[in-house]
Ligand SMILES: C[S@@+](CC[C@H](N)C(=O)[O-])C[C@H]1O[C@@H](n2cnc3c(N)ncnc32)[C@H](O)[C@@H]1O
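Here you get one chain, nothing else, as structure tokens; it is the form predicted on its own.
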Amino acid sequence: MKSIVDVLPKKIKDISSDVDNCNYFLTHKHSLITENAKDIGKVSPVNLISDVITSPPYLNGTNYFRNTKLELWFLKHIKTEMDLRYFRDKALTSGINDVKREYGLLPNKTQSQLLKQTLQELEQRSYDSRIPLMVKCYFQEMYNFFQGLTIHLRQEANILIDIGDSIFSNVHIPTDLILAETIDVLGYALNERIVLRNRTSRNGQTISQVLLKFTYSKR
């Protein structure tokens, strides 16, 4: 097994070479609206957006910050592993360890019947009481984001979302379908659902990565 001392310098050289050999130039300047997507609704719009491409955290318990802690350390965003907690607190709730007790007091603003049925199943079958709470918070926070996003969108804006479903306690959570149902009331009309990849979960069920195509219309 190679050590990081052997691998990292070569990888950095490869990245540097890629950057030096890139001949692509942007014709427009980009601007940062907010560093945290959860705050999108708190920012006054400047230029309305016509197209959005996003891949939100999957509802599968993946700790994205732990998986990228080397990069975060290299970029001097963290000094110790304890610093990862700061980023996890800022992120969308998508794992059991992201759930806090006070989340149980949050009202469920979503109107998805599919979510309601899924939560009922999870409450009956989950081995950990945090699982249904995690799912509830995930979709509530997704709803809040897409609601906040509306003030930045042009009429008939295109929204592309890369997302995947998941399974907890043998309960299938059709994340893409619940999300589509959740944000439909905000003016996001689902035009197309494209399956990008299928794989098999531990219990043998098929779960998918899909691309959702929406058109936004102000209501």
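Because the structure is predicted, anything quoted here is derived from the model rather than measured. Residue numbers here begin at 1 and follow the sequence given.
Not on display, but discussed next: the form predicted together with this ligand.
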For this session: Given this ligand in the predicted complex, answer whether the residues P56, F65 and K90 all have a heavy atom inside 4.5 Å of it.
Result: yes
Exercise. Of R193, K38, R154, H172, which one comes within 4.5 Å of this ligand in the predicted complex, counting heavy atoms only?
Worked result: K38
Exercise. Of these, 28-36, 172-180, 185-193, 42-50, which stretch puts a heavy atom within 4.5 angstroms of this ligand in the predicted complex?
Worked result: 28-36
